[in-house]
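Listed next as structure tokens is one chain, alone, in the form predicted on its own.
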Amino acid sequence: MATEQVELRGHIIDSLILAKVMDVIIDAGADYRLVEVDIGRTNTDQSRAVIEVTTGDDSSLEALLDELHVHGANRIDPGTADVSPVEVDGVLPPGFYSTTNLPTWVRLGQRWWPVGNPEMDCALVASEGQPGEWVARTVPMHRVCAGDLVVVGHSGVRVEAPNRPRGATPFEFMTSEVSSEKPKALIVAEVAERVRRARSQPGAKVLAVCGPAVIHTGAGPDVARLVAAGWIDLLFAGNGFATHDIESNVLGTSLGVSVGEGTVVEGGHANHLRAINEIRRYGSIAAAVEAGYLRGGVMYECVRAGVPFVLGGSLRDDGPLPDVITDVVAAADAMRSLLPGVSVALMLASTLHAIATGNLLPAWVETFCVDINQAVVTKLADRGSHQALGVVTDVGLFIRGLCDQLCPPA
């Protein structure tokens, strides 16, 4: 038998983290014993639990501790971090520590050093700064260089358990599941308030991650209003979203369906290709705006307002538009470079781009995933984005309500 004690700290009771950890242990076929539980008495008090975990052998214990670490469970005696140098560019040393997006600290030289940019599925690279000081940062596999010192194993690494929004808000009962039976108007109003709060903080940014359904449901003009009014600071999307936004504003159709009448337009199936072809003729979306070809829509407003956008490509893309980054690794790096300062992320009817963005975001970013398909909404949290709260509803109705809250008629 193999045994190890782990510790959880934070709001682990009302956020259901303690229950989740115990479920993970049982699902792994292991056993546990609550050694110590200290429950906070008020909403602001943190709780603490010490759990003794027992498995059949050392290897299964290590695998289970890896999984528990994702939920904020730390070894009682974390020790000091071990580092190993990278020998080949883009290749991590065996046994490297794989990061979560939780707030993380590394113990080097008998002191704990914060990791400034938590991101999941990366390596922890340590470098010496001033004498006796260390700097720890997350680095994706493809960006490590020979000579980089990478943390290996779990010794000397500590993470903080994720928290959920607290208090009497529409999100109070959304911490354990995603359901379509939620008061949508209240939730939209609360999301609008979170956006206002974010924008009131110096340097804080609001990110929108949009899928093509945003355009197909008729919500494009509302997103464009949000951009024009300054509520969206950053946009991530794919070729499809940008193409259909441009198609709807230049040709009046989305996937060949009239956005005004909802009827199929003869020959409209080729309209998105015609829109892509014309943008390629101009050389970029910005050039098409400058030339007067594109006179409205989300991409138009982004260009006018100077809102940065990243269009990440895929194998399904037609064209693609000249602004699309077809190298997916380069697209992820472009997204990563723009994320510092983001405090609220709106994932709007997007699966792959939402998951890709969620993988890059630290856990403290408030993330709202909106989709009519419950499976899409739950998938982001299942991938490890603990901070994601799901809203199962028609994205067009949600965005229209959000726009009414943030951009009321004069």
Partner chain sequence: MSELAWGRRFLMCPPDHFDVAYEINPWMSVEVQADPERAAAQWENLVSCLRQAGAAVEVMDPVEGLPDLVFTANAGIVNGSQFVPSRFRHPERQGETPHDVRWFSCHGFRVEELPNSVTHEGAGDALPFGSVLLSGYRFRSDAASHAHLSRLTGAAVRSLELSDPRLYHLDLVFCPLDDRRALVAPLGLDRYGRKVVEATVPEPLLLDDDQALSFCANSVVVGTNMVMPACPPALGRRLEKLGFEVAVCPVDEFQKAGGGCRCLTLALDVSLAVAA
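Numbering follows the first chain given and starts at 1. Since the model is a prediction, treat every value here as computed from it, not as a measurement. Take the two forms, find the largest set of C-alpha atoms that superpose within 1.5 Å, and that set is the rigid core.
Keep in mind the form predicted together with the partner chain is missing from the figure; the text below concerns it.
- Proximity to the partner chain in the predicted bound form, taken as heavy atoms within 4.5 Å, picks out 68-76 from the listed stretches 68-76, 204-212, 272-280, 237-245.
- In terms of contact with the partner chain in the predicted bound form, the residue from V395, L402, I17, L389 that brings a heavy atom within 4.5 Å is I17.
- Contact with the partner chain in the predicted bound form, defined as a heavy atom within 4.5 Å, holds for exactly one of Q46, S343, T378, S60, namely Q46.
- The Cα shift for D14 between this form and the one not shown, taken after rigid core superposition, is 2 angstroms or larger.
- In a rigid-core overlay of the protein, A63 has its C-alpha displaced by at least 2 Å between this form and the one not shown.
- Note on L64 and P114: their C-alpha atoms are nearer in the predicted bound form, a change of at least 3 Å from this conformation.
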